[in-house]
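Shown here is one chain on its own, the form predicted alone, set out as structure tokens.
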């Protein structure tokens, strides 16, 4: 059944869920799926609803227009869209292609429901892989001398492609703070560590040197503070005493693929709601 997705978060108050569901019912909407959570400490309400599109008595534009006054009264952050409307995604990568290859396979197989508008890289290594899929590939070298111009070009590509989500699939350049602010909640990264441990470069080597008993990967939104953005998903794997630094790299890459794929899938399905430095994730 085709559905329309409503995502909303706002200050908590008595009767919130009732008011929103009543609004939907009055317009013929049949609720196929409802998730809701109240953060009692923050006094903040979160919900995601899948509404049967076939029973709605008004078009999407009218539904948004009629919901807007209620959302304003509630002080809500919200979105309403057809589930079948694919988000546009740009993937970014450097010289390690395991996450890129995994996302392309999941997209091609239909597991990730989106349009991949482009792939951007500061190296030319994966042009063939990307162009075989019929996806535009942009090689934008980044150096200390040209960084400002390079990221201005990158943002132009984001704007021109009408992108909804940028995924850093092991893109090993720091995104300028100004871009992080303008694209808040729309840039996703996979960090090869179980944050907040081992922030920055070479975390597996540092984890091995510390003799850790588990390693992992963290999918998070990008902010101006390096590797400190709101966490969406994490994956862990057990480490044994006989594992070498190379073994940790191999095991960690599996964690990276899984955590990033889940994070992307949940974002595409409007299952991730941001609130400050935290997220609420209504998992599928």
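Residue numbers count along the first chain shown, from 1. Nothing here was measured: the structure is a model prediction, and the numbers come from that model.
In what follows, reference is made to the form predicted in complex with a further copy of the same chain, a form of this protein that is not presented.
Taking a 4.5 Å heavy atom cutoff to a further copy of the same chain in the predicted complex, the contact residue among 184, 115, 155, 111 is 111. Shown alone here, residue 151 lies farther than 4.5 Å from a further copy of the same chain in the predicted complex, counting heavy atoms only. At the 4.5 Å threshold, heavy atoms of residue 211 reach a further copy of the same chain in the predicted complex.
When contacts are judged by a 4.5 Å heavy atom cut-off, residue 36 counts as touching a further copy of the same chain in the predicted complex.
Contact check for residue 65: every heavy atom lies farther than 4.5 Å from a further copy of the same chain in the predicted complex. Only one of 96 to 104, 159 to 167, 70 to 78, 138 to 146 places residue heavy atoms within 4.5 angstroms of a further copy of the same chain in the predicted complex, namely 96 to 104. In the predicted complex, the residues of 267 to 284 lying within 4.5 Å of a further copy of the same chain by at least one heavy atom are, in order, 277, 278, 279, 280, 281, 282, 283, 284.
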